[in-house]
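As structure tokens, one chain now follows by itself in the form predicted alone.
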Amino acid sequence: MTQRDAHFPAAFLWGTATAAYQIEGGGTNTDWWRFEHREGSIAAEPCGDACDSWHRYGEDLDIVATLGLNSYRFSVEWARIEPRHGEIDRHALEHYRAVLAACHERAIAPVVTLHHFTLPLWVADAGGFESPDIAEWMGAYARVVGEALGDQIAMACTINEPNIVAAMGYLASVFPPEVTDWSRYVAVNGALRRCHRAMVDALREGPGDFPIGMTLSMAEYEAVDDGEEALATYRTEMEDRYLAEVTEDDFLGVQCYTKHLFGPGGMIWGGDGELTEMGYLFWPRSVAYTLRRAREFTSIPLVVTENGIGTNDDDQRIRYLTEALAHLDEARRDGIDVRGYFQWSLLDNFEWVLGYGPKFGLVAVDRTTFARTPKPSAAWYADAVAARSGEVAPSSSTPSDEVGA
């Protein structure tokens, strides 16, 4: 790996998060768009225009600024930037550079994710994450993004939840390419880790001194009815091999929502207790649990890059976030090096195979007019952040903070 000093923002990052495909709309050149429109698709509905954030990103950033947040995590879309192999769309890069500039104009630190679930059609048609060339392609894509945008990026996430990409696409068969095969799932996990390494190296060669890491889906797990062996096998692939891979990164993004139960036959969906609209256990304490577990594997800085709840009950959202931030505070008091927290999500957006049913947003979006309406939870989150304003990241994080890579 190349050597590079990464400079973290001095203040603790308080933000919210989105993903390009889920809010931009018009992602016609992706495997997901084709998946949704295929005859007999299991997708609840097509993405369509999403939240029209390709055109309305300024409105979204105005809301972020109004809430008093100092950071915003969003993704750039590979299928827009490289619509065909080796063909770079400079208009798309200029668009994302305008989004970055709009963040800086509002004193918002832009945290950029390079891959969030979707693939360009040319990549999917060539085998996707099973292509022997996938790491080379993703490294080249990261190099293009870094060279064009790196001087404006505050932090970069290579791949969003690669373990979910593998599990949902190659084990659960609910993401493209709809496969259920353990050996292929394991192989794709390995390919995604190689892609991450290639992307880190490529980004480090470009301009800017921003921290680079991956985001990993983590959860609290509990074995029931002699499910210990099944749980250990699953968690080794889902978390442990990824956690072993990130020790030379600048940070790890921890993404957590709930607790999962495991029996001898595998995961048991839901469980006894309060459930969310997604069918998850209401389990905000997963924030402290996953941060502590990540710390067992690596000493690099941690960032909670996603945490939230899918619910139509905004009072339930406020209860969840209240407890989640209390557990975040607890982990930080215990000395865990956490540099930021990003609520998922800013907007009620397209929730993949479930369509527009689950509501994760602090802000409601009218499906016809795209009008944005902040919910009471948005004001609550703004107040919670204001009460913690002025905080700096852990003592090692100062304006001159350098982490050798």
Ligand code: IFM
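Numbering starts at 1 and runs along the sequence shown. Keep in mind that this is a model prediction, so the values were computed, not measured.
There is another form of this protein, the form predicted together with the ligand, and it is not shown here; the text below is about that form.
Undergrad: Should His116 be counted as a contact of the ligand in the model of the complex, where contact means heavy atoms within 4.5 Å?
TA: Although the ligand is absent here, His116 would touch it in the model of the complex, with heavy atoms inside 4.5 Å.
Undergrad: Any chance Glu161 has a heavy atom within 4.5 Å of the ligand in the model of the complex?
TA: Result yes; Glu161 sits at the interface with the ligand in the model of the complex.
Undergrad: Report yes if any heavy atom of Gln255 sits within 4.5 Å of a heavy atom of the ligand in the model of the complex; otherwise report no.
TA: Judged by the heavy-atom cut-off of 4.5 Å, Gln255 is in contact with the ligand in the model of the complex.
Undergrad: Using the partner position in the model of the complex, report whether Glu351 sits within 4.5 Å of the ligand, counting heavy atoms only.
TA: Output for Glu351 is yes: heavy atoms within 4.5 Å of the ligand.
Undergrad: Tell me, which of Asp249, Glu306, Glu77, Glu239 has a heavy atom within 4.5 angstroms of the ligand in the model of the complex?
TA: Comparing distances to the ligand in the model of the complex, the residue within 4.5 Å is Glu306.
Undergrad: Which residue, Met278, Ala92, Ala223, Val186, is the contact with the ligand in the model of the complex, using a 4.5 Å heavy atom cutoff?
TA: So the residue touching the ligand in the model of the complex, by this definition, is Met278.
Undergrad: So if I measure heavy atom distances to the ligand in the model of the complex, which of the stretches 33-41, 54-62, 375-383, 352-360 falls within 4.5 Å?
TA: Of the options given, it is 352-360.
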